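So this one's two forms of a single chain, laid out as structure tokens and tagged structure 1 and structure 2.
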Structure 1
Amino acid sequence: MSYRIGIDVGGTHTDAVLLDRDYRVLAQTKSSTTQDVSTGIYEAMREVITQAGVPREQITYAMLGTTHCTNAIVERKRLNEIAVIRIGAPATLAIKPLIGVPEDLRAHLGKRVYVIRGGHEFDGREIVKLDEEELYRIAQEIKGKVDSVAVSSVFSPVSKDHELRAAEILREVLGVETPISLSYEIGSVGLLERENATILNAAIVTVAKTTAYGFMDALKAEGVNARVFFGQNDGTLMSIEYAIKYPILTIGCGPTNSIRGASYLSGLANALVVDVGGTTTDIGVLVNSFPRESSLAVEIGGARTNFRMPDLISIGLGGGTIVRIQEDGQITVGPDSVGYQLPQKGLAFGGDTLTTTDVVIALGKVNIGDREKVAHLDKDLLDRVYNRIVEMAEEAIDKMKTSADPVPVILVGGGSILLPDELKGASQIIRPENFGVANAIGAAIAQISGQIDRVFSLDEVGREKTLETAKQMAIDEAISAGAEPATIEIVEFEDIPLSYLGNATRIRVKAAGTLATAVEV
């Protein structure tokens, strides 16, 4: 037999499951998310291994969806000392790197910023030659002073030559062990947003490395020698090596794990997924079993970026959300929450704070806590609060729909006990078995994927050959992320002609496959 562990970190709880090879849930647990995140992960992992009682040497895979990298950016803590190199003078001198980024983040990441000659036009023609001499000078200047380097070149999604040559020079001077983030591998067309994503990626490499090795060490301490994979923000997995190179892709993996878990548990490939946690409700869309991607620039820690992110709406509604009743009878629900302190602070658990969970307990909709402790609450008032909770969820569902027609809605997450079995805009409500740990299940059952989003000129080899090249690039990405080559399929394909760039087209391809079966030594 072979078993796998799935762990997902939320703002309130860290959930873990242990599955057998047929993806049956043998053990599950929820533990409070800790301040340092890692302690909560290790506690959940130990609990689920002990609970399942399976031979530890037969646990072959461990999947982790974590918030370490997101927290590092949002809290401005544990970020690397980096150098930022933009290849784009003289064309881009009017707008400096890190423009529009919050002052405190710019103060940390903008200590060593360089703009050098080079870059390409939209059609792949060189603007000016790459200034290699200046690159060598910069490399010598930053040697021993930085942990990693971010390199961005104008229109590198069209031509990556200057970024690749810059990486060669930097590795020659700094050594191959210095991580170098190249923008063509991370973002799409749009220099400033792609540059920001690359800078953030370079800033969190050490956080990712520490997290990855810490998790592996914790597994080994439990006698588990499993292959470790990280969740990424398109609902698939990536190998440790890939995650350390592209840690930015772990941002937003929590909601996508829930969406993938909801798809697996319900058997639906197309639906809305409402994931109610302890602090927030995330609503996403399932399209062919994968989360719908956002087409907008996404802000992370106040910096605009344009790498792939799930299309989500988050509202301040969860199991620990605080309910306030004003003297004039006005009701407010959230957005703040008691989070993981619900068992201490909620009225029904002996605390002094009225939460959404207390409301559903008092109304007899769920059988947890002590109903006697909330029996004194006014029934009409409770009904009004409950109607507001349902209204908030229905409004968010309506915003995510692309038509007025009702759609299937899958409810997951521990906090989904707040919501009824009927909602406006839903053709049916599905509350699958193990809904409370759908996120951890989503991490455990996820596939491996590779994705490219590039602008190609069709003049060189023609349309058909270009499309085949793009698909092969996505397949190669999936293989390097840890997928079994024979199982890889193209799951998304988008081809957008860019008439304003001449005979050019933007191609976005995603390939996905199952985990490669090679055993890690």
Structure 2
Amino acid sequence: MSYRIGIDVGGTHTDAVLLDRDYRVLAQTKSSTTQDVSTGIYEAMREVITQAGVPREQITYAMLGTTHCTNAIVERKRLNEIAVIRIGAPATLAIKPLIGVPEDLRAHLGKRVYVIRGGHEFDGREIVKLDEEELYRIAQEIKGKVDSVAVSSVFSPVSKDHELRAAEILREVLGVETPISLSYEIGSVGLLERENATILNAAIVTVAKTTAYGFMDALKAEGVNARVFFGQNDGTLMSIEYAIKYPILTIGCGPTNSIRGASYLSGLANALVVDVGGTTTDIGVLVNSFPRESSLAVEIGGARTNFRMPDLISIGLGGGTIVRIQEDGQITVGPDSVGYQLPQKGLAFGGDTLTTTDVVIALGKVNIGDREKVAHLDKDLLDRVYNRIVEMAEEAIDKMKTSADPVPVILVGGGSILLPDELKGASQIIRPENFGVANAIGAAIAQISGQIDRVFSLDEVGREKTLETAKQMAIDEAISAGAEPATIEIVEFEDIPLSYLGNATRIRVKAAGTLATAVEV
């Protein structure tokens, strides 16, 4: 038998599950996220292993979803010393790197910024030759002064040649130990956004490395010799080596894991997923078993980026959301919350704050806490608050839908007890078993994917052949990332004609499959 562990480290809770080969949940736990994070991971892991009582040597996979990297960016802490190299001159000089990024982030990351000659046209022609001499000079200048380097080149989604050559030169001078982040691996068309994402990536490689090694050490200390994967934003996995190289691709994996977990638990491939936590409700969309990706630029720590992130809407509604009643009888729900302190601060638990959870307890909709402690609340008032809660969820659901037709809605997360069994816009409400740890399950069952996003000319071999080529490229990527060829499917496909340019078309394809079983542990 072979088993797998899935762990999701959220802002409030660290959840862990242990699954068997058929993805049955043998054990689950939910504990508080600790200050140092690793202790929380370690404890959650030990808990599920003990609960399940399976032989440790048979635990062959361990998947981790983490918010470490997000926090580092948002808090501007533990960021690496980096150099930013853009290959774009003489084009692109009108907007230098990091213009438009918040001042404090620019101060952290903009100390060594270089724009050198090179880059490609939309059709893959060189704009000018790569200035290798200048690259050597820069490499000498930054040697010993930086932890990592961010490199982006004009139209690298079409031709990655200059970025690859730059990496070669940098490695030659700086040594193989200095991580080099290449933009073509991270983002899509849109130089500034892709460059920002690459810069942020370079800034968090050390945080990612520490987290990854911490996780592996924790496993080792438990006597588990499993193959380790990280969850990434699109709902698939990446190897630990890749995660350390491209940690930015992990920072949306929390909600993504919930969405994937909800899909697995409910058996649905197309639905809305409503994940109600302690502080917020995140709503995402399942399309062919994967989270819909955001097509707009997503701001991370105030910087506009364009790498793959789940398309989410987040509202200030959770189990700990504070309910206020004004003197004139007006009610407000949130947006603030007692968060993880609900068991201390909620009225029904002996605290002094009226929360959304108290409201559903008082209305007899759930059987937790002490109902006596909220028995004095006015029924009409409670009904009004409850209607408001439901309305907030329904509005958000409607915003995420793709048409007026009702769709299945899967409720997950500990706070989902707030919501009723009927919601406007929902064709049915599904509350799967183990809904509270859907995120950890989502991490554990994730697949391996390959993705491409580049501009093709349809003139050469025609539309059909080009689309086939693009799909095959994505499949090849997935295989080289470790997916079992027989299980690979195209899970996302998009082609966007570029106006004014005749037959140039931007094609985005994603292929995904299960982990190849032949992988040696």
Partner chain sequence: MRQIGKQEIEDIAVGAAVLGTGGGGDPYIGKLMALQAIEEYGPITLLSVDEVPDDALVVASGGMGAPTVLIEKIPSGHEVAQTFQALEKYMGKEVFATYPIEAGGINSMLPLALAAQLRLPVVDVDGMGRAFPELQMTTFYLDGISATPMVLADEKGNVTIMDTIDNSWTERIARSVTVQKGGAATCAIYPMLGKNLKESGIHSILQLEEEIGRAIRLAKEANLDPVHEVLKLTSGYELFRGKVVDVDRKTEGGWARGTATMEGLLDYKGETLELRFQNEHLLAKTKESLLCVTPDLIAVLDAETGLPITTEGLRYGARVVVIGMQCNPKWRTPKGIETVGPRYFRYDVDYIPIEELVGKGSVAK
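Not measured: the values here are computed from a predicted model. Numbering for residues begins at 1 and runs along the sequence of structure 1. The term rigid core refers to the maximal set of C-alpha atoms that superpose within 1.5 Å between the two forms.
Trainee: Eyeball the pair and call it: which is the form predicted on its own?
Mentor: Answer is structure 1, the other one does not fit.
Trainee: Spell out whether the Cα of T70 moves at least 2 Å between structures 1 and 2 when the two forms are superposed on their rigid core.
Mentor: No, because once the rigid core is superposed, the C-alpha of T70 moves less than 2 Å between structures 1 and 2.
Trainee: Does L467 shift between structures 1 and 2 by 2 angstroms or more at the C-alpha, the core having been superposed?
Mentor: Yes: L467 shifts by at least 2 Å between structures 1 and 2.
Trainee: Rigid core fitted, is the C-alpha displacement of S31 between structures 1 and 2 2 Å or more?
Mentor: It does not reach a 2 Å shift.
Trainee: By how many angstrom is the CA atom of A481 displaced between structures 1 and 2 after fitting on the core?
Mentor: Displacement of the alpha carbon, after core fit: 3.1 Å.
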